[in-house]
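Only one chain comes next, encoded as structure tokens, the form predicted alone.
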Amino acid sequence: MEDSFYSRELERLAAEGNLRSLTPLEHTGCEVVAAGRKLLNLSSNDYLGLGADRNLRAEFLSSVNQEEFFMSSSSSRLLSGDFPVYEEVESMLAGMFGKEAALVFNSGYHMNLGILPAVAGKDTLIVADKLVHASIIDGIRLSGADFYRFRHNDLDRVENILRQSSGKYRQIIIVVESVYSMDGDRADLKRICSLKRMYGNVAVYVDEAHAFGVLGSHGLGLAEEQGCIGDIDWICGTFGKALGSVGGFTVCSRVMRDFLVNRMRPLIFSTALPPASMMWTRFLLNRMSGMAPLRKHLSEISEKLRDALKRSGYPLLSDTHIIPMLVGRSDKAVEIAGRFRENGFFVLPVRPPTVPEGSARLRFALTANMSCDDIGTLIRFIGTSAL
């Protein structure tokens, strides 16, 4: 195979400031060690600090029944890989959300890649927010359904689309995230659900990846916070962020769960998650409702950083723990990230195609195991540096 084409493409990405590379890291609590230097980790999705909690890990390992502690499922769930712990986790999730059923997937990407192609086709219109995750976009494309991507959070446009199109399709699916991973802002789920109730053939799909564990009185996400769990057809989430584990899930009706088991290709044709990982997930889910102090602390330190960025003149949409610092050009974002790193902060530049051209940024993802002193040090650096 001739590599010259690919080499030229890599050179082009480097010239544009958009070349990516993997960075080996050692992890110690809310810090990472890179090239021998300890840095505050501002690029982790371990929002509650559970994945880095050694005491919690020790408690889990001491409670493990070795007879059930399989490191691999060794097959898909439709073959011999459906261990009891999967059903236990799904029953827990359904009970927590007050839904009929739940289904667990290997990852959030698998989840979004598989659900929409399973439930949508030529008789479906998918109406998706412009800023939904790449995995959702891939799922929409694979579905073969007609689709429209509306301007971010423009629900007036959604209302117009529903009015014009509700009689032309068997179903319309509104697809949004609850908290958007690049701007850290929220969807108006209550209004989306009110639009759904106006039509008999509209369903709602919400990805709570960045809200599950963090928002709501029990940590169930934005739908819990806004009081509309019952109106959403697919509430989706991931265990790999705030819960500190691995995998994705949806809570839905019993009929929908059974349908996905029969039609969802990433579920049917993938080796299931290791039972050991599912046992860790079960352990954490049992404790999630009691993690309100962690959620409160995360909210407080996030507010401090948002206020500091606003005082420094940065435009800000975020009202969550995901806080972008917009800088514009990719090369400038790379340069500023390097200066943060030199001063003890591990924060990565986010560049096209992850975000639109001209909107490169540094994305601060805060975690509950950061102290007020950690955030104070970060704020002082931002306030005293000519970035």
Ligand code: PMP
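From 1 onward, residues are counted along the sequence shown. As the structure is a prediction and not an experimental result, all values here were calculated from the model.
Below, we refer to the form predicted in complex with the named molecule, which is not included among the displayed structures.
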Judged by heavy atoms and a 4.5 Å cut-off, are 107, 177 and 247 together in contact with the named molecule in the model of the complex?
yes
Pick from 108-116, 218-226, 253-261, 305-313: which stretch has a heavy atom within 4.5 Å of the named molecule in the model of the complex?
108-116
Answer option from 165, 181, 124, 153, heavy atom within 4.5 Å of the named molecule in the model of the complex:
181
Can you work out which of 232, 214, 192, 209 has a heavy atom no more than 4.5 Å from the named molecule in the model of the complex?
209
So in the model of the complex, does residue 133 come within 4.5 Å of the named molecule, heavy atom to heavy atom?
yes
Using the partner position in the model of the complex, report whether residue 281 sits within 4.5 Å of the named molecule, counting heavy atoms only.
no
Going by a heavy atom distance of 4.5 Å, is residue 73 a contact of the named molecule in the model of the complex?
no
Quick one: which residues from 227-252 get a non-hydrogen atom within 4.5 Å of the named molecule in the model of the complex?
238, 241, 247
